[in-house]
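Consider the single chain below, provided in structure tokens and representing the form predicted on its own.
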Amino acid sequence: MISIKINDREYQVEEGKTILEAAREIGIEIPHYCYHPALSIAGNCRMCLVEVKGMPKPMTACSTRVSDGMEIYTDSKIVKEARKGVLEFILLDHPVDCPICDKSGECKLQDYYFEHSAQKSRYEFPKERHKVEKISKKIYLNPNRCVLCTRCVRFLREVTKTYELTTVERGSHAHIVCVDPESLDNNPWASNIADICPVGALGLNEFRFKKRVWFTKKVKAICQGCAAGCNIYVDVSNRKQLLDGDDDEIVRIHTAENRKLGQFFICDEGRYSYKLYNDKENRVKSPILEGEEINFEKAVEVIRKKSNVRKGVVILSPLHSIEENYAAYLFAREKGFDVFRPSSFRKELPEIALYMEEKKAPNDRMLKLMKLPKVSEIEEIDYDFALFLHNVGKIHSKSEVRILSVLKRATFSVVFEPMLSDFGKSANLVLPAPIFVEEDGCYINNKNLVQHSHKACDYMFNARPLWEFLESDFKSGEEIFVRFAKEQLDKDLNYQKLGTEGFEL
């Protein structure tokens, strides 16, 4: 560690860091466009200029490394004037069309203009204009808004190594073009360029003109697509401020970085999976007993009576959270029932896999750590009571066949799931389960990182957590997680201790 001063205050920072990274770690934000922690340093936007004592002119914080005794000023008069000048140059050819730009409300150019400039343009000549076009099925490009930070070009060159975008021409005529739209269509990580664009030059066709960001609630969650445990932001329509009828609809999923996991991007498969969760037509809206909807109290009473037997089985799910699974496990333990786990669905990885995992289940690791037997080991016996937890997604086809057989042969069977599936159709009682954005939940990824996924909206229809249907004594999902951590991991954990980046086992 070395000692540096920022704005006359002394800090201890790691040697070798750039000024921008060191400042960020101690909570001082330096404005920037071209810097991205997962990409090479370009140093071309000049927005991160800072004053370094002893240097004859302002330095770029993204490319200047800290040294022992360095004194840095991030808000001096020189720095403010420099940033003001940079913004004036960037805005010379910008259309300033914030009222119709989808980036409005989360645009760095918009934010920095009000923070550092807020001056009228002195430019009197006609602005150069380029055609706005859909450069792939997923992405549109508006070169007029581009600030030439080249994050998108570097992402496709350095991360996916597919080179679909490049910069053409020189000086004030320079702009970004797509040289291979077909490759961009087939690139499973292409939509990340919309996330990393700091302005509204690149965007998702699906999100264009769909929703203003200030009419959404942005919540950090865990992607449900596979065992990688990628961090995501889920944007949910805020119905309390809108009259357009799409209550609590998920309008977008985008990247939330997790440095502990070394993850800065998400795959398009996970990004566009939000459509599955907006399927309200197939939601299980209330408990269904033998084809007839019943209320919560009746469902609880039925479970109480039917589970009062000797031969019972509970089958957990790698698609559900720790809280839902462990509530079912404790119920089985109390009743003396057998407990099994299905095998996760596997899918072959694409050529550019990055963080993707073959196993398409967010909590596959949890069930393995509990050392539960697989459903393939279930003996050929007819149970008096069977409970199976299912969720949006698939499990292995052999496990599906086995579980359907158990449900059909059981005297009384219960399925806990959000969307009605073949499992629910084979059961006597179907319980309405929440989807992952309707409740807090924890997941253990393939690298043994325990992470907390946050609730984004209320329970839909009559969905409830499983522990309420099972008449558990728990008052919240966090209580179940604390008990799981103590009994199964031998750790003293809660949601606060998991923090924003999780806990490594």
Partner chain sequence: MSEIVLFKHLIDPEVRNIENYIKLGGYEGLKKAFTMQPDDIIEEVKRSNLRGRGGAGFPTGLKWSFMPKGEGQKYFVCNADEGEPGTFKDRYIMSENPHQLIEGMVIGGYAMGATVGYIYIRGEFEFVAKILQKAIDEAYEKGFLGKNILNSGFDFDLYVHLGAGAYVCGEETGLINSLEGKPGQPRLKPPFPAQYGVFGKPTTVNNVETIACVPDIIKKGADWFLSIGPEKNNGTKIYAVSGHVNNPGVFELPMGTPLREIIYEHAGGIVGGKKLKAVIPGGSSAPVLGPEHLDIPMDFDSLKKVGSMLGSGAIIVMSEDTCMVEAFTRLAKFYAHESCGQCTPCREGTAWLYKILKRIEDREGKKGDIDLILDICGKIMGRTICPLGDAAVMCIKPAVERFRDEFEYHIEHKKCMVENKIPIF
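Residue numbers count along the first chain shown, from 1. No experiment lies behind these values; they were computed from the predicted model shown.
Keep in mind that the form predicted in complex with its partner chain is missing from the display, and what follows is about it.
Enquirer: Looking at 111, 81, 158, 334, which is the one with a non-hydrogen atom within 4.5 Å of its partner chain in the predicted complex?
Expert: It is 81.
Enquirer: Using heavy atoms only and a 4.5 Å cut-off, determine which of 38, 28, 460, 42 is in contact with its partner chain in the predicted complex.
Expert: Looking at the other structure, the residue within range turns out to be 42.
Enquirer: Tell me which stretch of 281 to 289, 365 to 373, 89 to 97, 184 to 192 has a heavy atom within 4.5 angstroms of its partner chain in the predicted complex.
Expert: Heavy-atom contact with the partner occurs in 89 to 97.
Enquirer: Are any of the heavy atoms in residue 308 no more than 4.5 Å from a heavy atom of its partner chain in the predicted complex?
Expert: Output for residue 308 is no: heavy atoms all beyond 4.5 Å of its partner chain.
Enquirer: I'd like to check something about residue 46: if you look in the predicted complex, is any of its heavy atoms closer than or equal to 4.5 Å to a heavy atom of its partner chain?
Expert: Because a heavy atom of residue 46 falls inside 4.5 Å of its partner chain in the predicted complex, the answer is yes.
Enquirer: Can any non-hydrogen atom of residue 63 be found within 4.5 angstroms of its partner chain in the predicted complex?
Expert: Although its partner chain is absent here, residue 63 would touch it in the predicted complex, with heavy atoms inside 4.5 Å.
Enquirer: Give a yes/no on whether residue 172 approaches its partner chain to within 4.5 Å in the predicted complex, heavy atoms considered.
Expert: Looking in the predicted complex, residue contacts with its partner chain include residue 172, since a heavy atom lies within 4.5 Å.
Enquirer: Honest question, do 85, 125 and 148 all end up within 4.5 Å of its partner chain in the predicted complex by heavy atom distance?
Expert: Contact check passed for all of 85, 125 and 148.
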